[in-house]
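Let us start with two forms of the same protein chain, each given on its own as structure tokens and named structure 1 and structure 2.
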Structure 1
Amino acid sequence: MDGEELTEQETALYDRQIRVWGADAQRRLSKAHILVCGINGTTAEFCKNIVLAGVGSLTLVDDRVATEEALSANFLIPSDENVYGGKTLTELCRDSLKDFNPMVRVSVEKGDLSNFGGEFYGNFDVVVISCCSLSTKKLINEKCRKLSKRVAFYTVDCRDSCGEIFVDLQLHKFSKQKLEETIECQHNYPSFEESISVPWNALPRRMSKLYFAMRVIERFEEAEQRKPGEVSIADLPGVLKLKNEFCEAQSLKESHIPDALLERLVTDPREFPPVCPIIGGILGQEVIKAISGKGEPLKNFFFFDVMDGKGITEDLSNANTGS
């Protein structure tokens, strides 16, 4: 691969991981610019992972001020109120992350996600968004897709003991190892909007139930104009009603989205701490694969639920892209 050699310092620090993904991948990582919007326990884990991996830069967006609650699953925020008081989540996380790896530039951008123009997203190779509404997800995904430069787009959400990752790498070329050979492949990804508009009755029977449940909650929050995660047990009847409407409209059996699952998701929308490193770890690995072009990346959803312990991938691209 072209480009400068790794410095002696980089070789020493990244020795163990270069043995996993090779020096080329390490060089590509060191030139990649990552944007993370929405700080929570899961994105904190993700940020840690890619800062340790040695990306070029990481930019954080989230204007929320640190509160005691934000501390719960986030190890990047010092617990001393004298330290965190008055500062935003991103400022606090930036300070901790810089410390993890001085070779990575970590910075904070203020402002509202949906107000940033397309050119802002064009500054990055990877955009990861979390804690945002359905319409924001769609909007930013579209902004990224309109750029002449290819930007990898991810959404990640964790509620209670469940997590979801969505990936849009557009047209992604990669190499993978098959037996003794390295073969070149490509995947064509649908957008978030395209993916979620696949009719439910067209999906495989064994499709992860979490997929449906997340769509119901997402739509409920949008319809009720709630902030992401701003639901409680009191909303359960409304959520169940919406689920039934959905199932009817999409001719899906109602039992396919268990009420108990929805109940769990609305009862405590906060992240169950041990799930954060799992979702943040899978996301970190996927972003590293996408940047390095090495290894077959996830296509195009990932689900994890502590209840059954499975980490499942689902491909919702077949129905309308034919790929």
Structure 2
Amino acid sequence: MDGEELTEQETALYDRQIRVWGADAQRRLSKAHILVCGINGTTAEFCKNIVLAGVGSLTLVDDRVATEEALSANFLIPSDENVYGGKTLTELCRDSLKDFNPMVRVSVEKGDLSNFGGEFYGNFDVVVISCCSLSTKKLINEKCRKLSKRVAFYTVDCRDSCGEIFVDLQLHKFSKQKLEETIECQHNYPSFEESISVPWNALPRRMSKLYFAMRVIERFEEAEQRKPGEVSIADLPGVLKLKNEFCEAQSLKESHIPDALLERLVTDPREFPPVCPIIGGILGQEVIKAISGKGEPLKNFFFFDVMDGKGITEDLSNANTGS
């Protein structure tokens, strides 16, 4: 992401941001290329944040046609059916995002992200995926890791009033302030598959219950060949059965995954709109830190549940690699 200096127009437009994180960080942002696969309320908030921050380009992938249901959480979609009718989510979001910052190139790519080759993902510095299956998360993360360049990889999911972010920056170097001193640091991240493969009984005793619940529902959707979020209260008996099987196999007490939490997540798997700007805002902040190399990024899972109002970071790389 090294390259040309900021133009006079960029310097004038991003003057306030430059005062916060410096011209070098803004230059890195302005040269960064971001890919977002899967459009929902959370990724819409994220896209808005990074477009306003002044990234170089943003590419959107999601061939789904916009529906009235999508309006509840995605503020980028016009409410007039005459406007959104027959158009894809990406086309509508692209048009809205261009109005936020005309200096950012926003484009749409059509196709199934699972079928894109590694060279496609190599065009980007950051890949963010949502609304996709467990196997797709593993596949895209692995494609990014096989590239000769380092590509920052994120997954983000929001179900009901709960949210999860996963981060894989591979070997990431960054600087952070400690009192008056700038310290150079680095983190080594495991892949998504490595992270979720850590035995449950090897995880910290106070591990977020949301981590376990999200894994159970992912596995249920995959086993039943459902699309992400394609569950309902009618599936609760099957989800609870799978939970019990996992707990027995992993030597984990069933109380670590409360039935009430799973019931919330399957009763209404749609996003709770007020949670979207929280999760999307944190994701935007993390991507900016990863691009700029300034500030310590989270490692490697983040969870939020509106019921307790807390955000929790869990580092599964310690359990997995001892790093």
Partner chain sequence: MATQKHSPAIKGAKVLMVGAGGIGCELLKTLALSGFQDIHIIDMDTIEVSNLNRQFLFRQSHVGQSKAKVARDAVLKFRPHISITPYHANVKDPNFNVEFFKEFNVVLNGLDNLDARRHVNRLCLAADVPLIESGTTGFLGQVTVHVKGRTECYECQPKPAPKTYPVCTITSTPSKFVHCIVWAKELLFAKLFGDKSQANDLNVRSSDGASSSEQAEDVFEHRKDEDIEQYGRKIYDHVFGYNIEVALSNEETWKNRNRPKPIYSKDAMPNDISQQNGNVEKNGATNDLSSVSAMASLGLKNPQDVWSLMENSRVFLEALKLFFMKRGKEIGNMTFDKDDQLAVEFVTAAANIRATAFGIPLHSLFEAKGIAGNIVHAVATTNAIIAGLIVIETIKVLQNDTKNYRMTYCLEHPTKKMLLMPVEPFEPNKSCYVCSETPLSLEINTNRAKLRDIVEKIVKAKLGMNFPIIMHGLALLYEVGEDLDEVMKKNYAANLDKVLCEFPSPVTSGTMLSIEDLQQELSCNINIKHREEFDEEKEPDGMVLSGWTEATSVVKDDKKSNANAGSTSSASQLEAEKNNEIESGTGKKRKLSEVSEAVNPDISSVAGDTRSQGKLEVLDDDEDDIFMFDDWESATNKKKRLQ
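Start at 1 and count along the sequence of structure 1; that gives the residue numbers used here. Since the model is a prediction, treat every value here as computed from it, not as a measurement. We call the rigid core whatever largest set of C-alpha positions still superposes within 1.5 Å between the two forms.
Visitor: Which of these two, 1 or 2, is the form predicted together with the partner chain?
Guide: Structure 1, which is the form predicted together with the partner chain, differs in this respect from structure 2.
Visitor: Given a core-based superposition, decide whether the C-alpha of residue 307 shifts by 2 Å or more between the two structures.
Guide: It does not, since the residue 307 C-alpha is displaced less than 2 Å between the two structures after the core fit.
Visitor: So if we fit the rigid core, how much does the CA of residue 11 shift between the two structures, in Å?
Guide: Its C-alpha moves by 2.9 Å once the cores are overlaid.
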